[in-house]
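One chain follows as structure tokens, the form predicted on its own.
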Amino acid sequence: MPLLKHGRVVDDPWHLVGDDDPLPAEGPVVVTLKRWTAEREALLARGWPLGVRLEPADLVETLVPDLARLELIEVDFPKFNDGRGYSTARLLRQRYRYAGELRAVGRVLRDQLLYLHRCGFDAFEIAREDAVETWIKAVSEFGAWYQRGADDRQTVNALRHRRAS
């Protein structure tokens, strides 16, 4: 499955480890929030980059004390009509100032890419082989915004004020 990061296809060095699977001796891993809370000290002692996968019902506040230690947070979208991941992204980027990679995984559809990006996601696992073309079309469909987003695009109001001055 192609991984899009900052609008281009990149290799994925991360390995998702299940709750009952043994940890590999080396390499960056992604674990569930359940495993993170149960094995936090052992995971940190590995000395390799760490990531956590959040499911829709997981509380992002659980991760706040450790955000600086996590290089990747994956947010799972098991169904296209479950919007809780958007809120999770906004909280991570705007309230908690998470600066690491924020990745949308699961049933990520082309029509969601623009809105996911506006909420702060910077990486996406998508099933389409024409991932780059899909990304470019999705993020350039609209040129004006009435609300601020995590992508720092100026709103229509800000543009009007700039023109008036």
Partner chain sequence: MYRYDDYDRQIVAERVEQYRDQVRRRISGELSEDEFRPLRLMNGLYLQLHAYMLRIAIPYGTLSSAQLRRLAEIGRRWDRGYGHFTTRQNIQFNWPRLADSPDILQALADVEMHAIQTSGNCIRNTTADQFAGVALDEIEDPRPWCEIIRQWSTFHPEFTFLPRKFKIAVTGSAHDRAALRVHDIGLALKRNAQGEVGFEVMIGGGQGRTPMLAPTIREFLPKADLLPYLEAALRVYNRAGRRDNIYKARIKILVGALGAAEYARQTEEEFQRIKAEGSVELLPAEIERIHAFFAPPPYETLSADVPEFVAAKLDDRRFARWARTNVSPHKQPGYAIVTITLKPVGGVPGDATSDQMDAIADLADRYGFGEIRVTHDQNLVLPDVKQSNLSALWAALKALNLGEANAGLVSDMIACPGLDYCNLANARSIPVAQAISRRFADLERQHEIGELRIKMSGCINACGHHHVGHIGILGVDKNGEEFYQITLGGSADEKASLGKILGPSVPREQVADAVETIIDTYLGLRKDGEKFLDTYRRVGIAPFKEKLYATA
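Just so it is clear, the model here is predicted, and its values are computed rather than measured. Numbering follows the first chain given and starts at 1.
Absent from the display: the form predicted in complex with the partner chain. The rest refers to it.
At a distance threshold of 4.5 angstroms between non-hydrogen atoms, residue 111 is in contact with the partner chain in the model of the complex.
Proximity of residue 99 to the partner chain in the model of the complex: non-hydrogen atoms within 4.5 Å are absent; the residue sits far from the partner. At the 4.5 Å threshold, heavy atoms of residue 160 reach the partner chain in the model of the complex. Although the partner is absent here, residue 35 lies well away from the partner chain in the model of the complex, with no heavy atom inside 4.5 Å.
Heavy atoms within 4.5 Å of the partner chain in the model of the complex belong, among the stretches 65-73, 41-49, 25-33, 117-125, to residues of 117-125. Taking a 4.5 Å heavy atom cutoff to the partner chain in the model of the complex, the contacting residues in 87-104 are 87, 90, 91, 94, 95, 96.
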